[in-house]
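This document starts with one chain, in the form predicted on its own, laid out as structure tokens.
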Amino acid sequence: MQQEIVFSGFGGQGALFAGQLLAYAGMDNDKHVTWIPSYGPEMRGGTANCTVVVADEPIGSPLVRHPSAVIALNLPSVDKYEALVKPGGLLIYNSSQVDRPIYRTDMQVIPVPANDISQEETSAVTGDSGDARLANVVMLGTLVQATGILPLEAIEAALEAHLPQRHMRWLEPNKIALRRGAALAVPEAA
């Protein structure tokens, strides 16, 4: 088994963290992994993406031209990566941010209202209307459930082991967001 995944969004949406979390979970479960981040000219608000390869065997190259899966947190990411997903691959997009149809019919497509779910879950912690800080983890849950790349429990364990101490109040909301995303792992009919 080898999966190549691109996580893409604006800086600050957590694309790099979601990819890093998947890489940590892979390492913690004795998989071979690579994680390569890429930043736009600005950090927050600019483009940010990473490529994660998870495999049972040693990885020949961390470079990926046609990923088996893409998590697109915003419209520019869908515009950039829709054409690059390998045929039969998977595109998971944030339907809270993307308002156009997906044109390709030779891949699985899963729309996830990640910002909406995140706002519901973060409002329980912040006491206000919430925000989109958990959208990345919602979409990671969808990816893990749809591909079977790792058990969902492996991602939860990676959250516990690798979430920075200053963010530990977000551990349980992240786990809930992960499970809510996993529950949405049903492809759209083409």
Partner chain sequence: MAKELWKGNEAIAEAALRAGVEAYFGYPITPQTELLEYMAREIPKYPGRVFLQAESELAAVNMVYGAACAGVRVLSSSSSPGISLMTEGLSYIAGTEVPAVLVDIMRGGPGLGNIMPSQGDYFQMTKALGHGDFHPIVLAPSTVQEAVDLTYGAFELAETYRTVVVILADGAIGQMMEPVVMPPARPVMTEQERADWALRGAKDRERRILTSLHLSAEGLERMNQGLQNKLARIQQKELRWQETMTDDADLLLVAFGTAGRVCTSVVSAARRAGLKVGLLRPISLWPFPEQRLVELAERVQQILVVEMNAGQMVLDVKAAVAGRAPVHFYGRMGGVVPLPDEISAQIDKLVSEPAGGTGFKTGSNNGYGQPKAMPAANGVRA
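Positions refer to the first chain, counted from 1. Nothing here was measured: the structure is a model prediction, and the numbers come from that model.
Keep in mind that the form predicted in complex with its partner chain is not shown, yet the notes after this line are about it.
- Taking the partner from elsewhere, residue 23 is found to have a heavy atom lying within 4.5 Å of its partner chain in the model of the complex.
- When contacts are judged by a 4.5 Å heavy atom cut-off, residue 64 counts as touching its partner chain in the model of the complex.
- Contact check for residue 34: a non-hydrogen atom falls within 4.5 Å of its partner chain in the model of the complex.
- At the 4.5 Å threshold, heavy atoms of residue 60 reach its partner chain in the model of the complex.
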